[in-house]
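One chain is shown next in structure tokens, namely the form predicted alone.
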């Protein structure tokens, strides 16, 4: 039996201390003072009836009880957010707010169309956007830093079976084909299609860590390990490097929609490789009207 009432504000403070490792860093993150954080932790430990934190040098570590409470806090706080948003929307006070996290090629293609339509239909709904690649974007969703995460994965490489998204509500958006990009003067530039094994001797320009790992796996399944000379998350930079003759690349079609392929040319890659693009949210948040409306608009944008 707990010694008293645990409040949501105490759980937010505990989660901040757990994430930052100190009262002072947690205070900076929460926009309050260190004594306020310390006082709230005392109240929370009193309510729990057991120590939740241990001071280890300059860092605060969680006790077993503290770890258990942090584990439950995320679900509790997500549930509270969902409740507040749904009640406010039903009461007509406001349509709600949605914090969206997307990977860059999704931000430049799917998101603008979806948000323009959402604003036209629901002008009171506020949507903010930040960029992050998966799995970072998915962790932001689980930790309560956003309501929707646009993410992708490569089912061909067995990630689908790993269960990485089993606890989330998944809205499929599209299967994004990967295409080869070579310099305009390259021997395969006019070929239309190329077997990836035919590029075995080329220098490569790779993308984000997940894309990079997938490229290596695909190439190794075709019998070679790619020599990656450059790695960048920025698609215009990839095109610029290819156009300058510094290597070849494989990019999602979605990424090429908003990039000028100056000095480079695209061709189909065999074997065909696709990535699954999805919108993810938490089960509690999926029932929030503003979140559901945003998911619907993202799905419509993807269909077009």
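Being a predicted model, the structure only gives us computed values, none of them experimental. Residue numbers count along the first chain shown, from 1. Between two forms, the rigid core is the largest collection of C-alphas that superpose within 1.5 Å.
The next section is about a form of this same protein that is not shown, the form predicted together with the DNA.
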Could you tell me which stretch in 231-239, 54-62, 261-269, 245-253 has residues with non-hydrogen atoms within 4.5 Å of the DNA in the predicted complex? 54-62
For the spot marked by 99, 122 and 128, is every residue within 4.5 Å of the DNA in the predicted complex through some heavy atom? no
Might residue 35 be said to contact the DNA in the predicted complex, defining contact as any heavy atom within 4.5 Å? yes
Is the gap between residue 50 and the DNA in the predicted complex 4.5 Å or less for some heavy atom pair? no
Given that the partner is absent here, does residue 42 sit within 4.5 Å of the DNA in the predicted complex, heavy atoms only? yes
Within a 4.5 Å heavy atom cut-off, is residue 28 in contact with the DNA in the predicted complex? yes
So, superposing on the core, is the move of residue 47 at the CA at least 2 angstroms between this form and the one not shown? yes
Checking residue 293 here: with the core superposed, does its CA move 2 Å or more between this form and the one not shown? no
So, superposing on the core, is the move of residue 13 at the CA at least 2 angstroms between this form and the one not shown? yes
